[in-house]
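A single chain, nothing else alongside it, follows as structure tokens in the form predicted alone.
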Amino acid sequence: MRVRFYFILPLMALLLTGLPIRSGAADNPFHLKEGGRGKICLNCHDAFQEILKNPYVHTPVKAGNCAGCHNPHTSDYGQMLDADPKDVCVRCHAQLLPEKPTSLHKVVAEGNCVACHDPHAAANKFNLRKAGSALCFECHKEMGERLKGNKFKHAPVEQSCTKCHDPHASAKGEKLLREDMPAICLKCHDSGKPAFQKQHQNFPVDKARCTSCHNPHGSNQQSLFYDKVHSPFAKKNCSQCHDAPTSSTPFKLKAQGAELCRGCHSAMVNEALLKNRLHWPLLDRKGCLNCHAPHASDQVGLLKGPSLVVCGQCHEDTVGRVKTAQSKHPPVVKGECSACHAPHSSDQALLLNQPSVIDVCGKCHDWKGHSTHPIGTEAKDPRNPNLFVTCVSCHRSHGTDNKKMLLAPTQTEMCTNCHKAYGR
């Protein structure tokens, strides 16, 4: 009898609450009265009465099926969810994600659907917490602030980012683009129109990457060019660098590497080539284009991106380590690599922009007031007689997990690297 009692008790609870059995049985196995489902929940959660007045109500909520997402009795998850939050939404909305996405929205990867959607009811379609681009700018604040100051804004951005981006995942383009470039742009911009072709000097840009010249969100330049525009490009003098648009190779450059840039920037390139140590991209086949954008950029010096991003393409070992370091050098955090290094060439090791490490550090730090420890050519490093003591004998220039970017966690360990312990 005891076994039967414990078997019947959960069934009685379900009858009293008006919630359906979650075992795949009929939708209303106990023949509850019309509208009975979910009412028991609202007896306690009465604040939802007001929420449910919103025009868009989540389907299970509208059906009074709170148990579609919540366990009415007990749960291992917050909000009494009956499964891991990452899995709850996917059970019904799996079709929103492509089988092999090329890019996936971070909040989707984290299973944080409620960052964008209200799981119960909302004033906006798809239960979105905010309408249009305003929702995206909740997380992408920097983008939103930058657009406020732009003179010219891309029309879709002012309406909704989802015109170009899929908010969940994309199988066709990077950065959640619904199509890769230039296909995504050509949906609105007709490359066959004479006006379009004239604007692009008759170059076949319908096969090019539009974002090499245009900012897809907003700009202070007409035609949404990036804010810093290369002079020949601004003057529409494309033939200065490229073959003619009527040729079989319209985008081919007239010279390779730094030789192309040398035509206009001869003084800078020639000066760089006279130094003892050259930054390797200068001698590469791509030359200046390894780091600089040839047409337009949002960065000073027409860099292809922020310094940390550009330098990090090759120096990820350094940039990556600094990201996790507890004690970071401020210029590195700010992406000011050129505060210490010359970007093109130098006569010093590591492309330092001063004659010595001490001179580089001395631009910002008064080492004489910092420490009484002797440094310089008069102080030989006992660990290597060919070296003398400099700032980096004790500090790592980019960052460490130790205070003040020291190489060891304690002062004792620092000192005993060079000095024998007392009494030994």
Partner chain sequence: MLRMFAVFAVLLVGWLFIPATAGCDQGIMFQHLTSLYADDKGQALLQPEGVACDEKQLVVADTAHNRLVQYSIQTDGVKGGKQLQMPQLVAPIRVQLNAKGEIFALDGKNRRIVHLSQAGAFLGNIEVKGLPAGGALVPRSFKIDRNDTLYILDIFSGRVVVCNAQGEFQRQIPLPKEFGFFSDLAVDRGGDIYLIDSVNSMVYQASSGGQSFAPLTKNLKEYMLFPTCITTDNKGVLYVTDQNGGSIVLLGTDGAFRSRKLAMGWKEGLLHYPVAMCVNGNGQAFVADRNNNRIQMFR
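Positions refer to the first chain, counted from 1. Note that the structure is a prediction, hence the values are computed from the model and not measured.
There is another form of this protein, the form predicted together with the partner chain, and it is not shown here; the text below is about that form.
- Of the candidate stretches 296-304, 348-356, 147-155, 189-197, only 348-356 contains residues with a heavy atom within 4.5 Å of the partner chain in the model of the complex.
- Between the options H45, K62, K39, R396, the residue in contact with the partner chain in the model of the complex by a heavy atom within 4.5 angstroms is R396.
- Checking T249, S223, S231, Q256 for any heavy atom within 4.5 Å of the partner chain in the model of the complex turns up a single hit: Q256.
- For the chain shown alone, S327 is not a contact residue for the partner chain in the model of the complex, no non-hydrogen atom being within 4.5 angstroms.
- At a distance threshold of 4.5 angstroms between non-hydrogen atoms, A379 is out of contact with the partner chain in the model of the complex.
- The partner chain in the model of the complex is not approached by F126, whose heavy atoms all lie more than 4.5 angstroms from it.
- The shortest heavy atom separation between K207 and the partner chain in the model of the complex exceeds 4.5 Å.
- Residues of 275-305 placing a heavy atom within 4.5 Å of the partner chain in the model of the complex, in sequence order: K275, N276, R277, L278, W280, P281, L283, D284, R285.
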